[in-house]
Ligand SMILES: Cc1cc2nc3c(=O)[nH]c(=O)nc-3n(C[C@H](O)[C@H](O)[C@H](O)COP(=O)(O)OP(=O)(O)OC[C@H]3O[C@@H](n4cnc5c(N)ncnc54)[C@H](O)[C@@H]3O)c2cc1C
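Given as structure tokens, the chain that follows is alone and in the form predicted on its own.
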Amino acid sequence: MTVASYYRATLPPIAERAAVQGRVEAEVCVIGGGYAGLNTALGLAERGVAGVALIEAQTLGHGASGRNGGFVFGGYSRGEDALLRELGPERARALYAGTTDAVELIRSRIHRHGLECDAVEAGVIWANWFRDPEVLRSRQRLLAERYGADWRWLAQEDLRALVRSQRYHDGLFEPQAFHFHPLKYAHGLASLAERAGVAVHERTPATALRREGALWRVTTPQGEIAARQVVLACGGYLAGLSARVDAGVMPIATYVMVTEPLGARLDEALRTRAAVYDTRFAFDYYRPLPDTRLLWGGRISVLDRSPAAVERLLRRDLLKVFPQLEGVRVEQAWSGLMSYARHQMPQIGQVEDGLWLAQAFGGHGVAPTTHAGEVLAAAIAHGDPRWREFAPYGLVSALKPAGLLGAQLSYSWAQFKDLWKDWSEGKRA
């Protein structure tokens, strides 16, 4: 088993973008080369803003944007029922629609520009781990009646014909969703941004940020960027540039592994090319890759584990669902940090005059980061006030380090409740 992620291992050779050297003047400096930063930079350029510079401390997609499960679907980490309670029907529907519109924008960019990112247009299945179908029925009704989203019912026999596991009961199918190679897509976004005039720099960490008159000055190891506007899009890899911003997010680790090519054996487990996740709080998620490998992810933790430890944990989870895959070889396993807020929603908006923020996408970020980029680009370019719709989910303190312990305890408690429900239904972990 190798340490590098499957995504990194299968990325075509791409020359690194040069680091910032000397003094650079920009209209907007975007800090962070993940989806939030790339979408904002591209959105600005598409709206005619000249002088956009994006800097990334490592390489593009180094964080969660280049290591995630590759699911492209609507919604946030915070559930649709909670959004409805907290915002009311009109505002909740508008926020949710921002993410489903983002799915279509991602699809459109892939097709319109011919982005090579292994996109698989086969939908996503939400499989019920438990016997009680009400969790599916209630969400299906809520999405249809309040959000205008049509998730199709999969009866148990239909689901098990597609997903060859006795672990699941009924399911829901989200036909508009798809899955892809997230790191290839990140580089595709960067190429589009560069063609539109954005200056993209890798290996350029921001080491200091200060305001001087009408300008923000971003210090880097070998230079400085002077910009009228700055966007902080650092995700789980905090740059230490703003104590208030860093205090609002918890870096949480997630785990992913990829098997060897399974060939015909893949059909023993999956007779669908849809991506799958289940109804537990501590759910598994997985998808078939175009070369017949199986990508498997799950669990969250405050611990950024070694590849060997990730493989041990996830292999056990895999075999609970697909015991017929006993003995398959795992070729890559990795963990990485995502940013998570206590309120389970992204933190998007203006921190102070000329300083903007997009972080805390909480493991549900492909579509929401795209929406965030559109919202921030419209705000900076045209004064669009839509970013204020995220104001109820602002920079609340993550209460670190106690918040990290609390997050781990909450996750462990949720795992226990999943196990208890398993036990009560007669299953055994």
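Heads up: residue numbers just count along the shown sequence, starting at 1. Not measured: the values here are computed from a predicted model.
Same protein, other form: the form predicted together with the ligand, not shown, and the subject of what follows.
Residues of just one listed stretch (130-138, 109-117, 198-206, 304-312) have heavy atoms within 4.5 Å of the ligand in the predicted complex: 198-206. The listed set Tyr285, Phe173, Trp216, Tyr147 contains one residue whose heavy atoms approach the ligand in the predicted complex to within 4.5 Å, identified as Tyr285. Note on contacts: among Leu337, Leu325, Ala122, Val351, the single residue with a heavy atom within 4.5 Å of the ligand in the predicted complex is Leu337. None of the heavy atoms of Gly373 is located within 4.5 Å of the ligand in the predicted complex. A residue is said to contact a partner when one of its heavy atoms sits within 4.5 Å of a partner heavy atom; Gly362 meets this definition for the ligand in the predicted complex. Proximity of Tyr277 to the ligand in the predicted complex falls outside the 4.5 Å heavy atom cutoff. Interface residue remark: Val28 is not counted as part of the site for the ligand in the predicted complex, having no heavy atom within 4.5 Å. For the three marked residues, Ala64, Tyr237 and Thr254, a heavy atom of each sits within 4.5 Å of the ligand in the predicted complex.
Contact annotation for 31-50: residues with any non-hydrogen atom within 4.5 angstroms of the ligand in the predicted complex are Ile31, Gly32, Gly33, Gly34, Tyr35, Ala36, Gly37, listed in sequence order.
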